[in-house]
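We begin with a single chain expressed as C-alpha cells, specifically the form predicted on its own.
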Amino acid sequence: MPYETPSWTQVVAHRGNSGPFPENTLVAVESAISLGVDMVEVDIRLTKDGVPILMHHDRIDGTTSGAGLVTDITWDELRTLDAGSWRGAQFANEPVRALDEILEVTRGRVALNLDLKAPEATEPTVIAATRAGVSANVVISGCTAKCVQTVGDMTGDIATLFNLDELLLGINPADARKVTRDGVDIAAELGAVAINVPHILVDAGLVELARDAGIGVWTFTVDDESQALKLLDMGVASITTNWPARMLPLARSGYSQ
C-alpha cells in the first residue's frame, strides 16, 4: 500500500536537517529524525557504475573532498570521500552514502522523500525501495510526467509527487500560477498523490483546486516562519524546510489540512 499523507501538514527535512548539518549525509538524517520530523527528503543520483547515492548536484566539488561529475565516478571511489568537512571540521570524514544504506537506517523510523535528480535514477530507486521492503514509507519526487508513469508501470506500491519544473521552464513568470494550476489536472490524471511546487507559487486557490482533484500540495523550500504560517493557513499537505526545528512547533500548533 502506498504512502498515505497524514491529515496534518507534515514537516519534511530538506536533505536531512541541512540548515545546521551537511546535506544528504547520515548525520543530517539522524538529526532530522531526532527532531521528530514526519519525513526526510534526500536527493538521488547514479554513480558511473549505476549505484543510487545521496547527492544533490551533478558535480561533487562543492560538497565532498573530490571533484568531477557524479556520473564519471564509481561508488568505490565516491565512498572514500569526505562529505562533511565543507560544513565544518566537526563533520570531517562523514562519508557519501548509498541509497541502500539510508533505506536500511531509516526503516521503521521515518518516511523518506526520494528526490530524483536524474531521470536514469528512477528505475534503480524503485528497485532499491522495493527490495528494502519500505515502499509504503517512501514517496518519489523530482518526477516529470514520464517519471510518474515509469514508477506506476513498475509498481503500484510507491507514491509519487509530480514536479512542475518542465512545465515552468522558460515560461513568462506572469503565467506561472496558471501553469501550476494546469499541473493539478496532470498530476491527478497521472495518479500522483500531490504536486510538488515552490512555495512562492502556492495560494489558497491552488490548495482548494488540488483538494477538489483528490491530491495534495507539497511545497518547498520554506525556511521563514511567517511564510510557513501562511502556508499552514492555506492547508498545504507538506512543507519542506532546511530548518525543521523552526517549522515543527508551527506545524504542531493545531494546523491540519
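In this text the structure is predicted, and so the values were computed from the model without any measurement. From 1 onward, residues are counted along the sequence shown.
Another form, the form predicted in complex with a small molecule, is not on view; read the next lines as being about it.
Trainee: Hey, of 65-73, 225-233, 38-46, 184-192, which bit sits against the small molecule in the predicted complex at 4.5 Å between non-hydrogen atoms?
Mentor: The contacting stretch is 38-46.
Trainee: Give me the residue from Asn17, Thr25, Thr240, Thr9 that has a heavy atom within 4.5 Å of the small molecule in the predicted complex.
Mentor: None of the others qualify; the residue that does is Thr240.
Trainee: Which pick from Lys117, Lys146, Arg107, Arg79 sits with a heavy atom within 4.5 Å of the small molecule in the predicted complex?
Mentor: Only one listed residue qualifies here, and that residue is Lys117.
Trainee: So in the predicted complex, does any heavy atom of His199 sit within 4.5 Å of the small molecule?
Mentor: No, His199 is distant from the partner.
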